[in-house]
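Take a look at this single chain in structure tokens; it is the form predicted on its own.
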Amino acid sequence: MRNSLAWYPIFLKEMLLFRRKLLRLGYVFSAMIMPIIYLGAFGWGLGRSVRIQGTDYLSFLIPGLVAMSSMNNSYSWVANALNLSRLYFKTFQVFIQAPISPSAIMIGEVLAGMVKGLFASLLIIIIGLFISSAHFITPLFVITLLLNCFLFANLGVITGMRAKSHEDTATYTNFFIMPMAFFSGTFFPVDKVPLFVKPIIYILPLTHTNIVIRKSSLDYEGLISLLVLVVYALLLFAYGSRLIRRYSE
């Protein structure tokens, strides 16, 4: 196999597993239920009676839900699957023993996580197109969505490699992913948070995703946030590859 395609068997394995899940109606429903609940509780509850950043609240909320859904699904699928295959099924060790590079393993896992994140995001986008009149899909929106999926799939690999048990994976989610979902500008603008909390909020990568994904064109603020996301993504990819390279269980 050409070295440039060494990641493909890993990606294909995950996609075959994903296809089996897609055949179950419960999986598709579970990917949609939480965003729909948020749309009902916040979007339809406040609806067009509240305006934020020059638009109605529903139009403000939908891009945030897309960002949050892409984060959750890109991260959780990779983190859980990698943790289980490493600690319980012992299939990850086969990848380590195979004549492929750590970066190829990383790419295969990350691309698989991105597909799952994009699938969940697409469901929210379809719903958003039906219930909102705002034109939120732009080239910048698509680029940001792809980058967000890539970033959090990398984080999922890191969690899956570092967690010592399946319970540890849930702990990482509760401490890192859950706070980002609620305090990174998904449901309200970041400028509404208290001043002393803002430095912490701006450290979180989802904050910068929510900033860029709502912009119709790239301005100075959007450029800075986009660069922050790129730096995060590259650092997480490098660290994840390093963890795989040093894996010795």
Partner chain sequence: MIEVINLCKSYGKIKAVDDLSFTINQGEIFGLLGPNGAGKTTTIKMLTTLTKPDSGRCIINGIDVVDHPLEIKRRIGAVPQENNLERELTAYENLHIYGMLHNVTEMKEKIDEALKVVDLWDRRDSIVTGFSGGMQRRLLLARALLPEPPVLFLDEPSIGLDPQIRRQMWDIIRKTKIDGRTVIITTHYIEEAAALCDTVGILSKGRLIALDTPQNLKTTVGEYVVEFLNDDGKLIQRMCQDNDEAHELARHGEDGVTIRKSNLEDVFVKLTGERIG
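Numbering follows the first chain given and starts at 1. Model, not experiment: these values are computed from the prediction.
Although it is not shown, the form predicted together with its partner chain is what the next lines describe.
- For F176, no non-hydrogen atom is located within 4.5 Å of its partner chain in the predicted complex, even though that partner is not displayed.
- A residue is said to contact a partner when one of its heavy atoms sits within 4.5 Å of a partner heavy atom; Q93 meets this definition for its partner chain in the predicted complex.
- Its partner chain in the predicted complex comes within 4.5 Å of a heavy atom belonging to S248.
- Contact between I137 and its partner chain in the predicted complex is not found at the 4.5 Å heavy atom cutoff.
- Checking I107, A163, V115, I100 for any heavy atom within 4.5 Å of its partner chain in the predicted complex turns up a single hit: I100.
- With its partner chain left out of view, the stretch that reaches within 4.5 Å of it through heavy atoms in the predicted complex is, among 153-161, 137-145, 168-176, 82-90, 82-90.
- In the predicted complex, no residue of 221-243 lies within 4.5 Å of its partner chain by any heavy atom.
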